[in-house]
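Below you will find one chain, with nothing else, as structure tokens; this is the form predicted alone, and questions on how it binds or moves follow later.
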């Protein structure tokens, strides 16, 4: 799809805003700077690949252009990663985190570690921070056009019905955005070490309750469209699946930041449960908020 310079400029502006909105705390976090200096090459490669897959999934199921081909989705994802790298490099340099005393490898590692979460924020911002009255091509939205009462059923957007796999990808994006902001901090390990099994169980129950409330009872915009609910069994199923995604995202993030290195299995599980509270909130809210904007 051909885009004018004005459209591209607006899209990049939304992306920059989204990238900073969701990742600025990470760019100001000392533990993230340290992780960038100590990250192993294999983990960095894995981090980049997982982020790119998440971007592909988000752009496919909740991105800006509903009729985009796979090639366009792939190109958009590369652009978002590139923009994330630029944003991270500029902010880190302005904050004095990139200096002449650092090796090239240390500079690249620090930028890449920060840029991946920025890239997800860029993708979300590009899709969700647009005006309600216009589409990507600048045309008026269907909401502002006269239409028959039956138009809602006949002209429903393809992305109003996101598949189960698409919901999982979007939930994972939400979990990463929320959990990554606190995963590098020492507080997660401290809480995990000091929490008794009973308190960890309480955190798990709290996470499940958050998920159920947000997905089914909060009446968030888009909840009735993106999360089908018909009975207690479906409420519990939605909550458990979303929590499982949050725990997976939390474990992967903790592993990347080296929080499992040298720790016992008990402490690793405890850290995952502790971080899973933020991950569950992000996964639950993300399933609604990260795609509701395109349903308008």
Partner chain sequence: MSEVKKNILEWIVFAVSLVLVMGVIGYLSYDAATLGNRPPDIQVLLGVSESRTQGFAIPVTVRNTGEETAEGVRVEVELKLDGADAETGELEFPFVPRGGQREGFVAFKHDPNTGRLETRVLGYE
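Numbering follows the first chain given and starts at 1. Computed from a prediction, not measured in an experiment: that's the story for all the values here.
The form predicted in complex with its partner chain exists for this protein as well; it is not shown, and the discussion that follows is about that form.
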Residue 41: touches its partner chain in the predicted bound form, heavy atom cutoff 4.5 angstroms: yes
Its partner chain contact in the predicted bound form: residue 71, any heavy atom under 4.5 Å: yes
Contact label in the predicted bound form: residue 109 to its partner chain, heavy atom within 4.5 Å: yes
Any non-hydrogen atom of residue 34 within 4.5 angstroms of its partner chain in the predicted bound form: yes
Heavy atom within 4.5 Å of its partner chain in the predicted bound form - residue from 56, 48, 269, 241: 48
Position in contact with its partner chain when the complex is considered in the predicted bound form, options 201, 78, 209, 190, heavy atoms within 4.5 Å: 78
Candidate stretches 120 to 128, 190 to 198, 176 to 184, 84 to 92 - the one whose heavy atoms come within 4.5 Å of its partner chain in the predicted bound form: 84 to 92
Within 4.5 Å of its partner chain in the predicted bound form: residues from 88 to 127 (heavy atom criterion): 101, 102, 103, 104, 105, 106, 108, 109, 112
